[in-house]
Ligand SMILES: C[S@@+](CC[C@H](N)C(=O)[O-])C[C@H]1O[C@@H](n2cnc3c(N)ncnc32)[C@H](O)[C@@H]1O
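Read the single chain below, which is given as structure tokens and is the form predicted on its own.
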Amino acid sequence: MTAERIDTTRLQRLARAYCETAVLYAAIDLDLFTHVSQGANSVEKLANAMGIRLLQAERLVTTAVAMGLLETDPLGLRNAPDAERFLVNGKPGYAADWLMFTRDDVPAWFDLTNTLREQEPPSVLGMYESLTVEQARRYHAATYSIGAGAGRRFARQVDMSARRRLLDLGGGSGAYSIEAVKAYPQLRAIVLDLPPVTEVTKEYVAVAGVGERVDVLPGDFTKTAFPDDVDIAVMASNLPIYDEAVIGAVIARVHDALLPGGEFHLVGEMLNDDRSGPLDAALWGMNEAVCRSAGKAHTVGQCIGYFTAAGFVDIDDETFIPGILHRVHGRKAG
């Protein structure tokens, strides 16, 4: 048998992955995909539409084709299906803001070595402790469309027809609460998040026209007392911000606050139990090093363990968004 040849191909790809990110950012900045969708199907047409030299347009198009962002046929260039759906400015699914919301973090990621060498213990919230209203507004302007999609998925997957009051922990823009009350007319919700964030929550709730059914509670859900009239709670997409002790304590407090028979859903970036992936969950855990928080990636089994220790029954889990989010849930006896 011939031994498998080992080379540096994979490592080279990893070492230069930032180049692909930079090309994607530039293509979005120059509205490449919007121009293609509007009929600029050649390098020459794109150079004129983007206002760049023909040579630069040729470089950008060649790389975008090689990356699978653009496709070619006898009629000329066209967007790949995902680029057409999510990267054409003006279309309902336009997601460029979401794809680029971590762009400002690039220098910090390239200083990761020094960050990992730091000996000072991180704080519970890290950079989030000094969050301003304007920072929260920019963050949710980039992430709201994706959050609303996840909120609609949650409302479809979880039957809330018999529930009356939803507690949304760290709910940010209120996307989950907004979609929940839209789907279930009898439901009211309350979003508990940091004071600067809840100022932004109120803006999204008002635009959605559900201000009479979605309230806000400014605070820190690791410390702030929970309402005592909720029969369902959700905590979505902030799991890696905290360590095991904090998550375990929060879940125990949720159990105590829920009405008998109430349910709790933890939606987050969870690792497989063998910690081999998904990569997205691992990277969100690493992101907390950049943010200087004490957070980390948690496994599905750990999360189930938090529910068990808190006293929940009928605990179960399932994939929420493949490779990205998992959902663990349980019920308070009674």
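Quick note: we count residues from 1 along the sequence shown, nothing fancier. Keep in mind it's a predicted model, so treat the numbers as computed, not measured.
Separately, the form predicted in complex with the named molecule exists; it is not shown, and the next lines address it.
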Open item on the list: To test your reading of this chain, name the stretch in 205 to 213, 104 to 112, 165 to 173, 251 to 259 whose heavy atoms come within 4.5 Å of the named molecule in the model of the complex.
Closed with: 165 to 173
Task: Partner proximity in the model of the complex: G219 to the named molecule, non-hydrogen atom cutoff 4.5 Å - done: yes
Open item on the list: Under a 4.5 Å heavy atom criterion, is V197 part of the interface with the named molecule in the model of the complex?
Closed with: yes
TODO: Check whether Y139 has any heavy atom within 4.5 Å of a heavy atom of the named molecule in the model of the complex, and answer yes or no.
DONE: yes
- [ ] Find out whether any non-hydrogen atom of A236 is located within 4.5 angstroms of the named molecule in the model of the complex, and reply yes or no.
- [x] yes
Task: Listed residue that, although the named molecule is not shown, lies within 4.5 Å of it in the model of the complex (heavy atoms), from I241, A96, V230, I190 - done: I241
Open item on the list: Under a 4.5 angstroms heavy atom criterion, identify the one residue in V181, L125, V158, A83 near the named molecule in the model of the complex.
Closed with: L125
